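Included below are structure tokens for two forms of one protein chain, each presented in isolation as structure 1 and structure 2.
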Structure 1
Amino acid sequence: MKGFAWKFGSNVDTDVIIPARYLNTTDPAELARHCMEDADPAFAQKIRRGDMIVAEENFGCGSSREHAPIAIKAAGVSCVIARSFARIFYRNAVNIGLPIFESPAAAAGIRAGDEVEVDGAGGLIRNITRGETYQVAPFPEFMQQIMARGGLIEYVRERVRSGERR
């Protein structure tokens, strides 16, 4: 993954990521048009495919709406890097296959507009603009299995096919 960083602060809540006034649809493309709208009304128009969201603490706090990671993914954001994530958002992102990386060092080092390259498998984030490298906390193996399949549904499908369901 390679792109430019868009920076946000702490406690970016899901109402900011996708306001409830747009939750009368589940269409990813329509949700993407309003991604981050209440923080930056032009965000969806400004970003280029592959760009990253970089934030401080507790990214994605608030509602359980999966529309939030769906909107981010459909907007073309390649991954979210934060100092920490709210737990439901974290789980939802893994489940729908939106890459997320917890890295206090990256959250501190990356500035708005920096060009960043992420090596998810290697657990490294490279700041091309500043020549810095940051470590990423590895995911538990179980979550890596979900992510390797692009999300939870494929993981569950495999379990069901192999006759695991009672």
Structure 2
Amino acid sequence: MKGFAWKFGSNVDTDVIIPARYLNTTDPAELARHCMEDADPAFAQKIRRGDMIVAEENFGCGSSREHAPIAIKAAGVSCVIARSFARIFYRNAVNIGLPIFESPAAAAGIRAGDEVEVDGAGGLIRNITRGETYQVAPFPEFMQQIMARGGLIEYVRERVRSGERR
């Protein structure tokens, strides 16, 4: 994954990620058009596919709705890097195949507009702009498979089709 960083602070809740007034749809493209609009009204128009969100503590706090990671992923964000995540947001992101990385050092070191490259399998985040590298725990193999298939539902479907039990 390689893109530019969009920086946000602490306690970015799911109502900031996708405002409740848009929860009458589950269409990913429609949710993407309103992603982060209460924090940055032009976010959805300015972001380029592959860009990354970098945030401080407790990213994704608030409600347990899956709309939030769906909106982020559909907007073209390749991954989210934060000092920490709300537990339910973390789980929902994995379920829909949105890579997320907890790294206090990367969250502190990456600035808005920095070019960043992430190797989830190797556990490396490189800030190309600043020449810095941050180590994170690599995804376990099964989580890499979930991400590669675009989420938990497709991962399970594939396993059922193949007759795999484990």
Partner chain sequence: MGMTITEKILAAHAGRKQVYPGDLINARVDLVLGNDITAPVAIREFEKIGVEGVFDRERIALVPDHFIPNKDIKSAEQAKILREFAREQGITNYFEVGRMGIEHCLLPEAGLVLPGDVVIGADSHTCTYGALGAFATGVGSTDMAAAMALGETWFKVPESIKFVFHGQKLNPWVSGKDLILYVIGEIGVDGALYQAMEFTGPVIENLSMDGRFTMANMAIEAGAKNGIIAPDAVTAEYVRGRAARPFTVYGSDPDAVYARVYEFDAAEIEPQVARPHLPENTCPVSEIGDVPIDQVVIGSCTNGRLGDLREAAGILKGRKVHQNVRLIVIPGTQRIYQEAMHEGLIDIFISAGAAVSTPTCGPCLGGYMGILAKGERAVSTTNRNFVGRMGHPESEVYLANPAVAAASAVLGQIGLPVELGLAAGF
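Since we're looking at a predicted model, the values are computed, not measured. By convention here, residues take numbers in order along the sequence of structure 1, the first being 1. Think of the rigid core as the biggest set of C-alphas that the two forms share within 1.5 Å after superposition.
Given structures 1 and 2, which represents the form predicted in complex with its partner chain? Looking at both, the form predicted in complex with its partner chain is number 1.
* Asked: If we fit on the core, is the Cα of residue 137 displaced 2 Å or more between the two structures?
  -> Residue 137 C-alpha, core-superposed: shift of 2 Å or more.
Please determine whether the C-alpha atom of residue 156 is displaced by 2 Å or more between the two structures following superposition on the rigid core. Indeed, residue 156 is displaced by 2 Å or more.
So, superposing on the core, is the move of residue 146 at the CA at least 2 angstroms between the two structures? Yes, the C-alpha position differs by at least 2 Å between the two structures.
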